[in-house]
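First, one chain by itself in structure tokens, the form predicted on its own.
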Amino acid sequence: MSKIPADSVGIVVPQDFRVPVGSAGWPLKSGAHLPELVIRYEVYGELSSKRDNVILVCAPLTADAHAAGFHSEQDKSAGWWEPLIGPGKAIDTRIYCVICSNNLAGCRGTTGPLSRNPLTGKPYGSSFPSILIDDMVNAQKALIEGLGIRKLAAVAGGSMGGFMAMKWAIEYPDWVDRCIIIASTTRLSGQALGFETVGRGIITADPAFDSGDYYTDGRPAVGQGPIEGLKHARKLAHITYLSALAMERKLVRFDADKRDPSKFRTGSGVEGYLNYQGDKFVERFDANSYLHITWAMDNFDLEHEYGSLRAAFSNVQCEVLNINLSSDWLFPPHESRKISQELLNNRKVVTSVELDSPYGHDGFLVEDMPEISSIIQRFLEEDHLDIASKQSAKPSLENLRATHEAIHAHEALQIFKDRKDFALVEKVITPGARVLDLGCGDGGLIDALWRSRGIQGVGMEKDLKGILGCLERDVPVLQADLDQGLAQVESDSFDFVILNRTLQEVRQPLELLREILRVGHKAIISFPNFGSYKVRGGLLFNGRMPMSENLPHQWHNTPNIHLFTLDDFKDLCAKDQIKIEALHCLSSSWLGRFLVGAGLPNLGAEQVVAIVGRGQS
């Protein structure tokens, strides 16, 4: 292979940890016991003196402990999450100590059906007990405890790894500081369960399956048993990992030499791709392990287990980042959003992002998704420390967060001096209030209000650039299109809802106002006044749409689709029984301020800040 890249963790050596189980064995949720438990794991980066910099990475369905780096100079490929783990990457090993283990029931070193049962001296095979996601997490916890670690800086996982990350946050809330969930849901969909059921049926129907006891002469090894069944199950599953567009791209190539009508082989690119994936998979994975792990994944259902998603997330204490992918139909975005919705309505700290990806479910594994790296890096606050200082020293997380605080503390409070509308908002917000900022941009206002008023703030923002800005400020933010409404937010969830210079940009302003007053007790609405003398004068004397500080766009690229005046807003509130508690009319010119003072606010105000509530004024 070529030289190992400088941003790789380099050569890594897998390690085995034997969990002390006692004479009774290791207990499983089913009530069964394993006579021994060995966990294969890898470590990237150095453990801090305080042992407070550990990130646990939870492997997805068929991945193993080898998440990053290389096992030798001859390795042709790196670990399965190499794009995200390493020096200077999203999960920066100059700061964090990253641990990843092979899942319980796996076939890459951790105790599973392929392992020898110490009580019989033979492979477990069909005698290996059924496991659940809880058992995988409990095994991880035994490893972490055994390594002398008592707190995780973060736990991260995609797909089935997201199931485990959620379980950590739910069952061991005191252990987890941050939780990163990618392309995951609270349960598998009916469609996904259907594919899993068919896949397992293909394996067990293979004549070589032999009820799971197919290891030749008792010699456990990958590559034995129902090879054809496992190959076809993998091909079926792989279809679900890709989007329709990604699969279509595999179709463009046909190989005439591989076309065989007698065996119904078309020679298409899709056929060749799936055959390649199936052949490669059976070289490294065991059929029994596949059956047990998919069965555990299929039985994961937080709502069923806890009675409701509200109850499931009630004990979560950590900050949560939930990333979903637009083209993922195996773990669809609308199901993934339920995680964020329930955390939000449980008043937990959650950030939710939906990335536009053409790759389908496997998008969280590919290199060509730099947005995932940027989001995770900012969520972990790594970007707040200069790269040069990272290279010259190994800062603690405490120093890293102190640097973050120093960067933003001054600029956060300066915002009230620079923005008169924000200064008015600060005066209205009561200390400790729960605040929702719609169209929050980079989160600057929430950050400033947190510092000056001690609020509990959440932002909603559509633009990814704004979301990254929120993450830089450690502001929880949900990616959302306000034109889709606020249905995910429960009634009376917030003391104040802020809508800053956005009402004129949404398609249904009245519906949004109604929703705002459903979820919040009071609303602070600011908007540009298209009735000001500057707008009227620009049209009258120049015959063109004016541009100003409050109207910074030209007519052809403006986001403003509803041009209304202060009087229009007052009329709308009166008709819909919205109570206007206060109006603040702002102008940057002496003439505007004079007109407002003279009782002509609709003519003088360039921007209006309205405090509104429920009920007729």
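Source: prediction; values computed, not measured. Throughout, we count residues from 1 along the sequence that is shown. Whichever C-alpha set is largest while still superposing within 1.5 Å between the two forms counts as the rigid core.
The same protein also has a form predicted together with another copy of the chain, omitted here; what follows describes it.
- If you check another copy of the chain in the predicted complex, you find a heavy atom from every one of 205, 242 and 265 within 4.5 Å.
- Proximity to another copy of the chain in the predicted complex, defined as a heavy atom within 4.5 Å, holds among 170, 270, 349, 468 only for 270.
- 235 is the sole member of 453, 473, 235, 501 with a non-hydrogen atom within 4.5 Å of another copy of the chain in the predicted complex.
- For residue 210, no non-hydrogen atom is located within 4.5 Å of another copy of the chain in the predicted complex, even though that partner is not displayed.
- In the predicted complex, at least one heavy atom of residue 575 sits within 4.5 Å of another copy of the chain.
- Using a 4.5 angstroms threshold between heavy atoms, residue 580 stays clear of another copy of the chain in the predicted complex.
- Although the partner is absent from this view, residue 130 contacts another copy of the chain in the predicted complex, with a non-hydrogen atom inside 4.5 angstroms.
- Contact with another copy of the chain in the predicted complex, judged as any non-hydrogen atom within 4.5 angstroms, is confined among 314-322, 142-150, 538-546, 69-77 to 538-546.
- Taking a 4.5 Å heavy atom cutoff to another copy of the chain in the predicted complex, the contacting residues in 273-296 are 274, 291, 292, 295.
- Positional change of residue 544 between the shown form and the other one reaches 2 Å or more at the C-alpha, relative to the superposed core.
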